[in-house]
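What follows is a single chain, given as structure tokens, in the form predicted on its own.
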Amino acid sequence: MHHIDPSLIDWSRAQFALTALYHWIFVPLTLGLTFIVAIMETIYVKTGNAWWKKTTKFWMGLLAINFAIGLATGIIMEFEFGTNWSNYSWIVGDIFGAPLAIEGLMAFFMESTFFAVMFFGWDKVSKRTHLLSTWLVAIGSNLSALWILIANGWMQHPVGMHFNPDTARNEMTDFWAVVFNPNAYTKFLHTISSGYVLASLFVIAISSWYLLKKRDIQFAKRSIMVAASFGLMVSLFNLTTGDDAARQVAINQPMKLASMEGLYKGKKGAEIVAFGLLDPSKTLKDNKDPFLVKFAIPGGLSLLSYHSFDAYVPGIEDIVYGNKTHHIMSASEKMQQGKKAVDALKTYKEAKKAGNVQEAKAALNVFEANSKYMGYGYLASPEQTVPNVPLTFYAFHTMVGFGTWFIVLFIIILYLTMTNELHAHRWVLWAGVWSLPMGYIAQEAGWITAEVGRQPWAIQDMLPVGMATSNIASGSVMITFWMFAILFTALLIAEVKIMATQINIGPKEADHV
């Protein structure tokens, strides 16, 4: 086991978190706005109404700005796997790299090729060809998300692979098991539908601003009608995908689920916390109530996790210290097996190098008997398996709380739009404007829940973050962290300024787009 510099781990995690959080400002808007634009252009082609063409062009212009800047942050993220996480890339590159390669070859090239036709092809190709290119951009961008989330889903629930003791690498044995990993497709559906919700909020916020300013009223009302209809539909779908995703977390990542709900002691008929404030002084095994105040729904967590009010949901302490009654192995037992696997792997390599066949075979047998928990062999203590509970808890409940509000907002806006009374309710329009930043906060909170909740693992139960880093100086990572922070902030400010200018100009000038 090589010496690990704690500051290197912290700075590498911070840099990747910074890149991911900035990147995720741009991605969900692209995922959803491509479909909203495609729907609007379809209405234009069907009706021949020039208003819909102008409307489509306006939103397409804002999409292009967002697409370009999101592309830059995404490329930097992929490079970081080689610069900051080379051990990770070596150990799992055979599996993790395949979906990313397919994303680049199949989805990204399709998306970028047809984006050029969509953006520059007005009046150069037929209406139907242009409409097809717009839909292919929407499909391509979502296919990109599919392959990236297959890779991420594998990190959360590794399947379809075998660890090769000769190369010390995980090698793919079943490509389709990786592709159809239930954790991957539930994460994909939940992620893209949340992106559609954000895009709907984006269109509603800008359109509401126009109505508040009493300008471009016809454009704003039509845009709101499309966005609210689309938003309500995908919000309800997002609710069902969230339920599926929670079940996968309960099955494959019980520590994450317990942290999401602040559940320290497991119980049958576990309640789900609708609202709560955690006690910051709470520690493991201190028998203190984790909450200063809470509002909970009895049996809700058991129902959400296992579709049974009486199901037993393990708590943080059960997973760390074990629970023989419910056949839960303790982290220390897993660590013992993991250390046996790590030592046996070392013995196997040394014996094989020395030509000692019998010793190598015996060591390999010990390794294979204990390899399931090899990742635990690199942990320093059982308590290290616990993620940041407050951050995971508050991020998850922020996401759920805002998501619930968005459903209410879409229903109200859709009803008032259909009854032609929206303009008379300024508070609803202001709610539409201010719900956009809530949408971005909910997006980031979702990713924080997914990624912080599985710590300390780079790959769940297999590879701790500390073993995944590159052997480089922490100072180098620190410097690039601040470089990226400045660069990404500048890009974000540039996007907001360019978009604000385009929004201020409005759809009347959109014909040049």
Partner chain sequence: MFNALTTLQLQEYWWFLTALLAALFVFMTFVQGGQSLLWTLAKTETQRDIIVNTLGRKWELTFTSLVMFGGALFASFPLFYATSFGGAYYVWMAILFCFIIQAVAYEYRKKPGNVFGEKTYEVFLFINGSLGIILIGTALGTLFTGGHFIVNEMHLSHWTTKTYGLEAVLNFFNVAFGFMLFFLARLSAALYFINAVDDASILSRARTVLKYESWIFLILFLYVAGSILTMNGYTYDPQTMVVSVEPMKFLHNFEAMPAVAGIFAVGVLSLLAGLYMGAYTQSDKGIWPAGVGIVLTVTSLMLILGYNHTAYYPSLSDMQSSLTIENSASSRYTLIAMSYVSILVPVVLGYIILVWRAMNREKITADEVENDPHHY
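Remember, it's a predicted structure, so these values are computed and weren't measured experimentally. Numbering follows the first chain given and starts at 1.
One more form of this protein, predicted in complex with the partner chain, exists but is not displayed; see below.
- Residues of just one listed stretch (165-173, 362-370, 239-247, 190-198) have heavy atoms within 4.5 Å of the partner chain in the predicted complex: 165-173.
- In the predicted complex, the partner chain sits within 4.5 Å of a heavy atom belonging to Phe96.
- Ile503 falls outside the set of residues with a heavy atom inside 4.5 Å of the partner chain in the predicted complex.
- When the partner chain is considered in the predicted complex, Leu18 lies well away from it, no heavy atom lying within 4.5 Å.
- In the predicted complex, the partner chain lies farther than 4.5 Å from every heavy atom of Glu421.
- Shown without its partner, this chain lists Phe81, Trp209, Trp405, Tyr440 as candidates; in the predicted complex, only Phe81 has a non-hydrogen atom within 4.5 angstroms of the partner chain.
- Contact with the partner chain in the predicted complex, defined as a heavy atom within 4.5 Å, holds for exactly one of Val465, Ile39, Ile65, Val45, namely Ile65.
- For the candidate spot formed by Ile25, Leu301 and Ala380, no residue has a non-hydrogen atom within 4.5 angstroms of the partner chain in the predicted complex.
- Along 109-137, a non-hydrogen atom within 4.5 Å of the partner chain in the predicted complex is carried by Phe109, Met110, Ser112, Thr113, Phe114, Phe115, Ala116, Val117, Phe119, Phe120, Gly121, Lys124, Val125, in order along the sequence.
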